[in-house]
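Presented as structure tokens, the chain that follows is alone, the form predicted on its own.
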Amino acid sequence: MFHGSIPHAMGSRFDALLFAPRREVVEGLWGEITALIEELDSRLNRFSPTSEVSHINHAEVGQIQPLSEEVERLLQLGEAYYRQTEGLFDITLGGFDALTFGEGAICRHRTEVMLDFGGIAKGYVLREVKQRLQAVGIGQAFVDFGGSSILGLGSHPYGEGWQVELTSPYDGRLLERFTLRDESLSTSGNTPTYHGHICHPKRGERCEDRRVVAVKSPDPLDAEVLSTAWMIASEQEQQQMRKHFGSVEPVIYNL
């Protein structure tokens, strides 16, 4: 058993509990995971004046900027989710129609377009971690990224899966107890001290409701994206999104 922790990773804490037959395999993999998170954090942190995203966001409209392979890959994923969620999940904050990117370059065409990977980065990391764990034969692991994005592979040594409790941020009562087995859980919502941070891109309305959304999915990235989009989606928009995400069914808790 190996426990690794990064106290400050993309504004959150990252913890991993990994089980493997040989410690050197886990230690080598942990080094890869740490390097991946540090690299992404340095590129995606829009509040850091030296990050790649900050340089793109503060460039003049119409100015072509260099684009790394990693950020280009995330933009491609973001654009795909933008289409699949009917525009509710938008990492550009202004619409992909006002952005041109590809072949190592990017250009913004409107001032309101600002890249923000906060709603996709953790899910992307967990997807990468899951693939790397499976590639080296690790089938038993529990990874917690900030409490809101969790991956459970295999089962707990003394159980059928990994147990995760979801509690209300308003009164602490138990909302649900999930069992994860080769699945990920993502939650989004408002709290007494942090609310209104999720905005409907089409209507410009901020969600202030006492609400939490939980999504369980084999794909950590699908789970994270849907937990955000479902917070602001109407019933009609939810029906449209279901066409793209199969059996994944978000759960809404109105508090």
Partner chain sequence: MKETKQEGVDISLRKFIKELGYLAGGAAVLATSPWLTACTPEKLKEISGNRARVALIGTGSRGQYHLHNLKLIPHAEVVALCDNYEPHLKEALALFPNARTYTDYRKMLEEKDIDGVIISTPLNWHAPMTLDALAAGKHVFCEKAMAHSMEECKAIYDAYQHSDRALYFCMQRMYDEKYIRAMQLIRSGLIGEVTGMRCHWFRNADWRRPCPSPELERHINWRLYKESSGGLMTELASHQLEVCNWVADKMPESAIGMGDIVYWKDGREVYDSVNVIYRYSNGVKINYESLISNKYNGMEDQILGTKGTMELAKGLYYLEEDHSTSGIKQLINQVQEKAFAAIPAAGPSWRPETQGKYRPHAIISGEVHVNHGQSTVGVDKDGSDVILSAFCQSCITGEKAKNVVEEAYCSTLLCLLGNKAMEARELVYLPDEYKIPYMKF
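Numbering follows the first chain given and starts at 1. What you see is a predicted model; the values in this text were computed from it and never measured.
The protein also exists as the form predicted in complex with the partner chain; that form is not presented, and the subsequent description refers to it.
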Practice task
Spell it out for me: taking the partner chain in the model of the complex, does every residue among L77, I106 and E224 have a heavy atom no farther than 4.5 Å from it?
Solution key: no
Handout entry: Among 129-137, 180-188, 85-93, 68-76, the region lying within 4.5 Å of the partner chain in the model of the complex by heavy atom distance
Key = 180-188
Practice task
Determine whether any heavy atom of L17 comes within 4.5 Å of a heavy atom of the partner chain in the model of the complex, and answer yes or no.
Solution key: yes
Handout entry: G147: touches the partner chain in the model of the complex, heavy atom cutoff 4.5 angstroms
Key = yes
Exercise for the section: Please run the contact check for M1 against the partner chain in the model of the complex: heavy atoms, 4.5 angstroms, yes or no? Expected result: yes
Exercise for the section: Answer with yes or no whether D41 is in contact with the partner chain in the model of the complex, where contact means some heavy atom within 4.5 Å. Expected result: yes
Practice task
Could you check which residue among P49, G31, G62, P218 gets a heavy atom within 4.5 Å of the partner chain in the model of the complex?
Solution key: G31
Exercise for the section: Only one of F101, F142, F117, Y124 comes within 4.5 Å of the partner chain in the model of the complex by heavy atoms, so just point that one out. Expected result: F142
Exercise for the section: Enumerate the residues of 148-162 that have a non-hydrogen atom within 4.5 Å of the partner chain in the model of the complex, in sequence order, or give none. Expected result: S148, I150, H156, P157, Y158, G159, E160, G161, W162
